[in-house]
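So this first bit is one chain, no partners, the form predicted alone, shown in structure tokens.
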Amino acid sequence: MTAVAGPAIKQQLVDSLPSAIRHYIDGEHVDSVDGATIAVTDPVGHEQYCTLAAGGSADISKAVAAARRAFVDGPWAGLSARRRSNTLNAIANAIESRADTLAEFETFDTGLPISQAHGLAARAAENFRYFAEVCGSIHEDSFRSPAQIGYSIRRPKGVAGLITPWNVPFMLATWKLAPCLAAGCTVVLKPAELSPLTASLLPEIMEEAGVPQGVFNIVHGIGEDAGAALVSHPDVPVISFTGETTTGKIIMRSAAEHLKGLSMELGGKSPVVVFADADVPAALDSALFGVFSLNGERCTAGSRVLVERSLYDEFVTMLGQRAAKIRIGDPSDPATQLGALISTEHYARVMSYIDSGIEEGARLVTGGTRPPHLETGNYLAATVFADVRPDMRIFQEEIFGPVVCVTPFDDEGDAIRLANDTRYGLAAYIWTNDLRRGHRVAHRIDAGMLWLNSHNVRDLRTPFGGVKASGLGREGGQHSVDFYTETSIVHVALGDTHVPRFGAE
């Protein structure tokens, strides 16, 4: 998509969008039981492009009933590993055949740059390909003694409730769907109401791949209605949620009533720790990409850059100069590096943090305002604050936008103290050429995922999740299989059984 052809292509895209997005329950597209809808707007033009069915408890009940029937009476849970694997690969094929459409829809709906949206579509297909391989390697242990042998069996937990966020919505939906289906569960998906467009393609993808009726269901709507009903439904034993920490606490309280299994990836305020002996150009590239890619709307963003004092002034200058050159503009332009934030409400929230940083005495190095050439749309220039103290809101709270805080540290102990000085603990990034020190620091930072001399590149086999207010549970590889399955142990005697004969004469 070129800048010259952009307007014509965008109009063609707008003409292809659905005017209404409905629920998908038991193989049928249906309206809400009460007929309720939500107006959905795009983040650039602020124009309504469709109406979205707004689900509630009645719609969730219908979807859960369909998923429960498909689990108990349908073939999915009992399929052989090979047949289930073939279906997941077919889903990946269907995603890949729609890669351009998915990327364009995602860009239009979320404001993410098209170049990054293409990568997310590819990753979505890879999620299914990876878990197609996992299907055939789900193992069950055995334990033998002279008296008996015990063997474990894995069974899918049942209906899984998946609640996904508005940032990178399609990729994160597939991140949950792929292991859930690989384990043999059936699904009720509740996508974010702010970015439902790519999720609307999932029904045709599932049908094309041959997923049986009722195995996959979608109920749209807001979290307080559709999401709350899904979490509290007694026939949904497992909930996987990605979103904000406050919402996660509400989900935990509701899920406790039925002792549901929970996997929750919540907020983050991840540190990037740069020692003076680091590969500075690489650390600079990583720091910039880590907070300004995906418009800064990413849970693992390195939004606090901690720099050793002898390098601090130089690094702040370089960071500010590079951030000021980041290309901001139309998300559909391949040259764009920073697009539009998801909504006017979120834009106002991010701007309030910039005001707070200035009021509390942080030094605004660059950004902090709308770029002058972009009069409309949720655009914000890449923003760098320096001399940020730990007591400032912009140091402590998740901003979820293109805003980074830079703070100096004096030594290794000071770096660890600052890195841990938030309630979050999702990710951390450490840059040093002293690998002994790098390992020491990694072992002492409170985070679920750490990268040493690397940026946010993940192997799908590894555990994903955080500590403290960043969530609980782990998904990824075997951890996802553990989450979506129950394990039972069967003990079998190998000889005569000798039991104390209570009550016998």
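We number the residues from 1 along the sequence you see. As the structure is a prediction and not an experimental result, all values here were calculated from the model.
There is another form of this protein, the form predicted together with a small molecule, and it is not shown here; the text below is about that form.
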| property | result |
| --- | --- |
| Touches the small molecule in the predicted complex: Leu426 (any heavy atom, 4.5 Å) | yes |
| Heavy atom of Phe400 within 4.5 Å of the small molecule in the predicted complex | yes |
| Non-hydrogen atom contact Val273 with the small molecule in the predicted complex at 4.5 angstroms | no |
| Interface membership of Glu193, the small molecule in the predicted complex, 4.5 Å heavy atom rule | yes |
| The small molecule in the predicted complex reached by all of Ile163, Thr247 and Gly268, non-hydrogen atom within 4.5 Å | yes |
| Option from 119-127, 259-267, 200-208, 332-340 whose residues, in the predicted complex, bring a heavy atom within 4.5 Å of the small molecule | 259-267 |
| Option touching the small molecule, based on a heavy atom within 4.5 Å in the predicted complex, out of Asp285, Asp313, Glu133, Glu224 | Glu224 |
| One residue of Val215, Ile251, Ala173, Ala103 in contact with the small molecule, assessed in the predicted complex (non-hydrogen atom, 4.5 angstroms) | Ile251 |
